[in-house]
Ligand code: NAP
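So this first bit is one chain, no partners, the form predicted on its own, shown in structure tokens.
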Amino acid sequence: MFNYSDKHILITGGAKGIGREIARQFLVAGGQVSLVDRDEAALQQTVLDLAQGDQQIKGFVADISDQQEVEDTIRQVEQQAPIDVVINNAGICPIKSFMEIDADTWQQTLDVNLSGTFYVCQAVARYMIPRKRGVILNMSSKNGLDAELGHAHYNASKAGVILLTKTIAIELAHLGIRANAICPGYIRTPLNYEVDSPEFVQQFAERYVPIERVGKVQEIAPIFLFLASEGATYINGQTFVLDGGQLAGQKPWPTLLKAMYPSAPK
């Protein structure tokens, strides 16, 4: 469906979870992929796992919260091939109640999720601007639009990503560069497999998600391929929510649904 055989895609936080699946799908579409991640072991394993046949993939170890490290890494990535698409997927989500968030946790979350996204966007844009082309896709979250308890620091960082993306979109559009934000809801990744029990996940989906299940990484990656494609050239400065309907409105109670749709199959 998509052909990225002449495109170079940079993905941060690409060693695991959604980032890894985005990389896999761009590779299937023929793209040249560069991954940036601070977890060297996981990054090397992902490169080995995804490098099949003629598929072009390289890994670069970097901490995106370090601006100089970002600039040095982007320079190395550009030496491979001009970056056509950058996907800022790297992020952290430590869970703490509002009153328990210490200064270090607050700052670290903003440093990675918001400042890191800014550093990468700015560093890549310096190369895209002279070429007058490029696509920037930033990973925000449902939490950037709707608060969740225990996530004040994360919520704030992801809300910042949305406004950062909109600002980039209006400032760089005349230079041929588009920027959009993607906001997933609860997606099953290796990280939350470690944190959340199957019982919690099922209860969460039944309580909050209208389609009554959480998302899969395979369901998030395709929107990145679309937004980076020639079919999306008039889409700029937008925010896309993929959450199974969670933000559409309050999920109705089962008894109410049953009363309204008595003949519906179970």
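Position 1 is the first residue in the sequence shown; the rest follow in order. Note that the coordinates shown come from a computational prediction; the quantities given were computed from them, not determined experimentally.
What follows is about the form predicted in complex with the named molecule, which we do not show.
Interface residue among 123, 187, 83, 135 relative to the named molecule in the model of the complex, by the heavy atom within 4.5 Å criterion: 187. Checking 95, 147, 173, 191 against the named molecule in the model of the complex, a heavy atom within 4.5 Å turns up for just one residue: 191. Heavy atoms within 4.5 Å of the named molecule in the model of the complex are found in exactly one of 126-134, 86-94, 71-79, 162-170, that being 86-94.
Put simply, residue 139 is close to the named molecule in the model of the complex: some heavy atom of it is within 4.5 Å. The named molecule is not shown here, and in the model of the complex it never comes within 4.5 Å of any heavy atom of residue 32. Shown alone here, residue 245 lies farther than 4.5 Å from the named molecule in the model of the complex, counting heavy atoms only. Among heavy atoms of residue 9, none comes within 4.5 Å of the named molecule in the model of the complex.
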